[in-house]
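Take a look at this one chain, the form predicted on its own, written out in structure tokens.
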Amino acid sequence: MADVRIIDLTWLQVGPQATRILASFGAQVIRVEWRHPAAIDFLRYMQPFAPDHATPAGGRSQGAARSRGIRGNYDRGAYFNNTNPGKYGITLNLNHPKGRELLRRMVIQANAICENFSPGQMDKWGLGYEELRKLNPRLIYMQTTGVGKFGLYKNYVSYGPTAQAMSGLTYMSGLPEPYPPAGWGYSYLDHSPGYFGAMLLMIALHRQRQTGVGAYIDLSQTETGLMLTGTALLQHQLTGEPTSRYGNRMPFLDWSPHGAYRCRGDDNWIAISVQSDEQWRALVTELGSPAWALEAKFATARGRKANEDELDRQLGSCLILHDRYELMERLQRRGIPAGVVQKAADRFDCDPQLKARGYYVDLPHSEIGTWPVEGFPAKLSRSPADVGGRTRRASPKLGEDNEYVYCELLGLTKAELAALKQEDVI
């Protein structure tokens, strides 16, 4: 994919996630931003920040988790760095006629352009698909919005959490009635559509190579969320019944106990899924056969399911005395499905599986030194993803590659570049 050039006008997470994946496979992704405080991608100034007193080599330093940012410095944000490795970074004022003309020149040489502005914004600038395809008939144009560019809600603006609520995922998350929904939690619909977007771009690029034809891709975050709601829509189609929340319990089989239980320490938990009477007896034995666990009502799967509330209370009062990792290992040795509910520190510092797969990749950043970012979640035999792309670096500083992109790729002279800076175009 080294011959692919993508103009990346995206911001926040859902758009940059898609182009991040293409950069990991070697595409030249040019990230376009603007320096005006109201226009800077606010992932740049979202916590956590890399500390301003150290530039670690090969990973995390003491105090990294407690680091602070510098007001006005947009290049130390860890979230932005994790979302945009391997991209080139330029600044460009699209509110200026000369800025729009520069983008048109860039589009002529590009394979694709991606944006996730409010619906209609690019058309207001005269930079919509119909206009840009006149300059480059091979152009792939991908627009990602909350509900899509077409339809009754085409002018709605939203963020990932809004789309998540519209898709039903927010309502489906949480404990059963009478408890309210847990809310949207993390912004899943800023991530999942990014993977869908990367797949769509790769399909369109393959078609472009085969036929020379471009494409317009209208990606909806809400519709991606509908695909993640499991069987809820099918259940309503077939039965007319509403969706129910199940929390951590198994709704379709008599698997009990089945949930997450507090262990010893501060907010430490273990997940246990007992799927047979044999596993239940093994669990009881491992816990020292407490009297409550030997009661007849808990002897069978049906009995445990019928008394699940009491079972969870009794089990919870027992497990809180145990260390979560030790308990997990003991239960697994007895063939009981059990796993520690891991925190961020567990995943980054301790998880042997992620370390074995090399999930975290150390990349150099011009401002903060070498820091780890998340890698690609799959291993390919012939085309391995190189997180960081062919540049093998972390995210760009704001406008870091202006001279390279405008002068070497676009052919401007340094005098022209300086004049455009003076005119507030670059």
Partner chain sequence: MNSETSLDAALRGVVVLEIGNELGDYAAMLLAGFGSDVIKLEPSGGSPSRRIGPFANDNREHSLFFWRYNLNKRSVVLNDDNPAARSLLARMAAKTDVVLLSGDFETVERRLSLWRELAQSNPSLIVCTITPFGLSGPYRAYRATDLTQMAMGGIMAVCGYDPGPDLKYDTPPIAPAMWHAYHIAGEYAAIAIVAAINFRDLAGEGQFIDVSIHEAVNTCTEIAIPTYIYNGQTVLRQTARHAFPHITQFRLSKSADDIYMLASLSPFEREAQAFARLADEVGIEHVLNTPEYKQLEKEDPNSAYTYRNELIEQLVSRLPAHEVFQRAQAHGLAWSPIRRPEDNLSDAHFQARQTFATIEHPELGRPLLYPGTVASDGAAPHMRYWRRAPYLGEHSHEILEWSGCDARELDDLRSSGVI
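Positions refer to the first chain, counted from 1. Owing to the predicted nature of the structure, the values given are computational and were not obtained by experimental measurement.
Another form exists, predicted in complex with its partner chain; not displayed. Remarks below refer to it.
Its partner chain in the model of the complex is not approached by A419, whose heavy atoms all lie more than 4.5 angstroms from it. Under a 4.5 angstroms non-hydrogen atom cutoff, its partner chain in the model of the complex has Y195 among its neighbouring residues. Its partner chain in the model of the complex is approached by A50, whose closest heavy atom lies within 4.5 angstroms of it. Contact annotation: Y129 falls within 4.5 Å of its partner chain in the model of the complex, judged by heavy atom distances. A heavy atom within 4.5 Å of its partner chain in the model of the complex is found for exactly one of L294, I108, L321, V213: V213.
Residues with any non-hydrogen atom within 4.5 angstroms of its partner chain in the model of the complex fall in just one of 89-97, 283-291, 323-331, 303-311: 323-331. Contacts with its partner chain in the model of the complex, taken as any heavy atom within 4.5 Å, map within 249-277 to R249, M250, P251, F252, L253, W255, H258, G259, A260, R262, D266, D267, W269, A271, I272, S273, Q275.
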